[in-house]
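Just one chain follows, in the form predicted alone, and it is written as structure tokens.
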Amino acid sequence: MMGLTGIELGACMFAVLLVMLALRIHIGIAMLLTGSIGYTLVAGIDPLLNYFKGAAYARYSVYDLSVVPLFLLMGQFATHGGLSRSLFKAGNAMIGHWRGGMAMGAVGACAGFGAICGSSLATAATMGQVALPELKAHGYSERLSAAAIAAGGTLGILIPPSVPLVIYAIITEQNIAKMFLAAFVPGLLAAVGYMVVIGIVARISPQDAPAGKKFTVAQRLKALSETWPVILIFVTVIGGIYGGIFTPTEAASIGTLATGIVAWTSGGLKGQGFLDCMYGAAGATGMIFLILLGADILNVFLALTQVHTELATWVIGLALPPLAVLMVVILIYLVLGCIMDSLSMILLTIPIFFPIIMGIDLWGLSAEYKAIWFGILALMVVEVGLITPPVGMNVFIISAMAKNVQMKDIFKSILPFLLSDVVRIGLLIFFPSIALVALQIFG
């Protein structure tokens, strides 16, 4: 180990990893290279090659991991099936006559689309295509419109089903269904918080968010009726899981089939549409699986150095209040969120932070409840990184669509939404029951 302790060697290799990321090397490749170099320094090249023989099979043969490509394909079908448009129309019909109501409807549509998509980037991209032109046509400020949809897009990884939640559950050996259940209330709270922000901005700057026309009761009912495929798919998938009818993997399969049928009947899969869905899901799956393999190699190296154990022992030995330890972890997440994507952060940090959190007492929570609560909290903090500079992926996506507004102006307009995120994270820290209430009632 070159005379270095486990923490010292781990810190050195982590610095190497950050340099690779700064050089724009893909996170999966960067973790794979860092872990391989570190493994070789600790154990030699032959043990590394021996580990590589079965590493890919050991990771990819995990049954629960099959949920990932299924949910990704489900999201592709939902995107091509026009389901986002019906959700936006319904949201606009219900509250579009309020000042800022159309933008609030777009946030609500993001939450609904996230419930059958599971990806924040897909949610932001799809809702941006649907909502941005409509908001512009009705006199909404492009800055506010872009910020609202970029922020609303983050709901894609919080509202179940969520691919990052699945990954977290697999890494920490938690129940996927319980993770989904725990995410409901925080997800709804996030959507309401963003709507409140839009309402406040609309009153401070009325010219940025005018009121729209008021729909009749018949028009509202018609708009709501057009969302029945989304409601049916969501109830089937989530209800089937919690009703004990399906496993998460079976529910994902049924949801994907149902969404595919809806997309087919709407014409979204005709011609090149079906192949585009398959290519999109395959590409995203390959990217996620590469990151998983890289994270495995890196985590095996860290395990050899005992950095997890040493770091947890060191932190506990500092005798810091448990809340102070949690705040440090959250601060690290916020910093990393400025330079890394959400899934990469989870795969890179959870193996390090999870043992630390599980080793301290927080609000007297049981081990299972603490693991689930921390997963939801970590995901909420990670999602903030999607709309913070310099690597706010949702902002990049929306900026490419809103060509008349500069990215720096979108980031400025997002500040009130970030304040909402801070308030929500604070509430979850001091009131863990926000994440656990649904679990305690239905779990």
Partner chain sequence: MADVLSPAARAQEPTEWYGRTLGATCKVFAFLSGITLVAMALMSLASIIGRSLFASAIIGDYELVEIASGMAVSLALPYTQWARSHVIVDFFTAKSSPNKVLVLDAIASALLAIVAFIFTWRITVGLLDLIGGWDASLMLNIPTWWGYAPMVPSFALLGLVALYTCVADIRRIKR
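Residue numbers count along the first chain shown, from 1. None of these values were measured; they are calculated from a predicted model.
The form predicted in complex with the partner chain exists for this protein as well; it is not shown, and the discussion that follows is about that form.
Residue 121 belongs to the set of residues with a heavy atom inside 4.5 Å of the partner chain in the predicted bound form.
Proximity of residue 408 to the partner chain in the predicted bound form falls outside the 4.5 Å heavy atom cutoff. For residue 70, a non-hydrogen atom is located within 4.5 Å of the partner chain in the predicted bound form, even though that partner is not displayed.
Contact annotation for residue 56: at least one heavy atom lies within 4.5 Å of the partner chain in the predicted bound form. This chain is drawn without the partner chain; in the predicted bound form, the residue among 291, 167, 144, 372 with a heavy atom within 4.5 Å of it is 291. For the candidate set 111, 241, 297, 190, a heavy atom within 4.5 Å of the partner chain in the predicted bound form is found for exactly one residue, namely 297. This chain is displayed without the partner chain, yet in the predicted bound form the stretch 273-281 from 216-224, 273-281, 348-356, 170-178 comes within 4.5 Å of it by heavy atoms. If you check the partner chain in the predicted bound form, you find a heavy atom from every one of 22, 29 and 286 within 4.5 Å. Residues 245, 246, 247, 249, 250, 253, 254, 257 are the members of 237-267 with a non-hydrogen atom no more than 4.5 angstroms from the partner chain in the predicted bound form.
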